[in-house]
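A lone chain, given as structure tokens: the form predicted on its own.
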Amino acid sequence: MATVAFRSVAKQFGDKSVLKGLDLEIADGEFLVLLGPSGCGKTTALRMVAGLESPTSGEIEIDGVAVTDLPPRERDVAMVFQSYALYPHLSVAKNIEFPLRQTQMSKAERAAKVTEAATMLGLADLVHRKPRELSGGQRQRVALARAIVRNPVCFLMDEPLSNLDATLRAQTRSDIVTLQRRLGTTTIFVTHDQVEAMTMGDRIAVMHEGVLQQVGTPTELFFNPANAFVAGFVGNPGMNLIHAARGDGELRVGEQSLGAGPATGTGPVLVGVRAEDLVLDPSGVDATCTGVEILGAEVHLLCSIGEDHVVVRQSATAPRPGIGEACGLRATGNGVLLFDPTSGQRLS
């Protein structure tokens, strides 16, 4: 196990700046998720820890030692890829054993470690099969077994669940977290899926356009986002962002009241309100229902307030407007946050 640190790490590909001065520390034994949309730099950051990419500037440290100039084989990390990256001509056992074949370990020792890893991941009955004979979930478990058999100081996982179906993805999420807790190995997990991030990470580092936006626990990011991007990206659905104005203790859209506002301050704001804190109210702000998502016990109403698109979460049994019908919306005041409409930064 080890700590991992990015020290003012920047990366450019030609004229494109992919990472812009990333400063981030991952604690020993921590499960940290790098979360962000495609192109935000999260995979590039992960590849630099593995030694597959080199920083344009800055340093990467593992356990307090700069590894920026070390080749991948000398970093003692193991990477799990989105595409599994298994050798199709080798059996499950041989795939798991592969990282050990370059060591001084005896054949018996290698076999014992393969058996231990395969058993840990429920692959004991599949060790003689080839990858083509396995399901997607089984292939991903082989890739995980190949990583843990080395007993590395750090696991690096690059969107390892994105090729799995929804049910299998949920089960594998649980399997990976359980495995990481059991081994206590420092883990950096890259994903664009905020559900994966919220359910797996000890902490989440949210990235956007090469810039680290906020680092915190899932609860911290959900209830106390530092800016409008984090607010809208974290949560399922993300926080609604509504252009409004504050003044006289109210938040107003045009001449209509969205709900109670701060006692002080005036001028335009971006109002952040979660889907469960936005309710139907005829006396609220004029809106139009643009869609209905039925999710069993609850329903998501997709609505528009002018140019802003919002989601209202309510019980499946509650009355609701039809698609295309007008309705009124009001913020209940629970958890309403205000952001600067230009910079997106959180307002006190």
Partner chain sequence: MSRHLDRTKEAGLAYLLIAPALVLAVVFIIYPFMRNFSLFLYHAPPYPGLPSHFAGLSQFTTMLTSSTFLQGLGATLLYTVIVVPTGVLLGLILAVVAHQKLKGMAIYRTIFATTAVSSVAVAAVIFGTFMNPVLGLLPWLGINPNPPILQSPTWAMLAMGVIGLWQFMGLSFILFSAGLQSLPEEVLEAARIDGASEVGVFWRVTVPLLSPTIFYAITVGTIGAMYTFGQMDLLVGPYSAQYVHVNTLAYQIYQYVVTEPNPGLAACISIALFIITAVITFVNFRFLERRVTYAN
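Numbering follows the first chain given and starts at 1. Predicted, not measured: the structure shown is a model, and the values here were computed from it.
Not on display, but discussed next: the form predicted in complex with its partner chain.
- prompt: Where, among 80-88, 234-242, 165-173, 190-198, do residues come within 4.5 Å of its partner chain in the model of the complex by heavy atom distance?
  reply: Only one stretch qualifies here: 80-88.
Heavy atom of residue 311 within 4.5 Å of its partner chain in the model of the complex: No, residue 311 is distant from the partner.
message: Can you tell me if residue 73 lies within 4.5 angstroms of its partner chain in the model of the complex, counting non-hydrogen atoms only?
response: Taking the distances in the model of the complex, the answer for residue 73 is yes, it comes within 4.5 Å of its partner chain.
message: Considering non-hydrogen atoms and a 4.5 Å limit, does its partner chain approach residue 50 in the model of the complex?
response: Taking the distances in the model of the complex, the answer for residue 50 is yes, it comes within 4.5 Å of its partner chain.
query: Is there any non-hydrogen atom of residue 98 lying within 4.5 Å of its partner chain in the model of the complex?
result: Yes - in the model of the complex, heavy atoms of residue 98 and its partner chain come within 4.5 Å of each other.
query: Looking at its partner chain in the model of the complex, do all three of 11, 16 and 42 come within 4.5 Å of it through at least one heavy atom?
result: No, none of the three is in contact.
Listed residue that, although its partner chain is not shown, lies within 4.5 Å of it in the model of the complex (heavy atoms), from 107, 128, 182, 132: In short, 132.
field: Heavy atom within 4.5 Å of its partner chain in the model of the complex - the one residue of 178, 102, 264, 219 that qualifies
entry: Exactly one listed residue reaches within 4.5 Å, namely 102.
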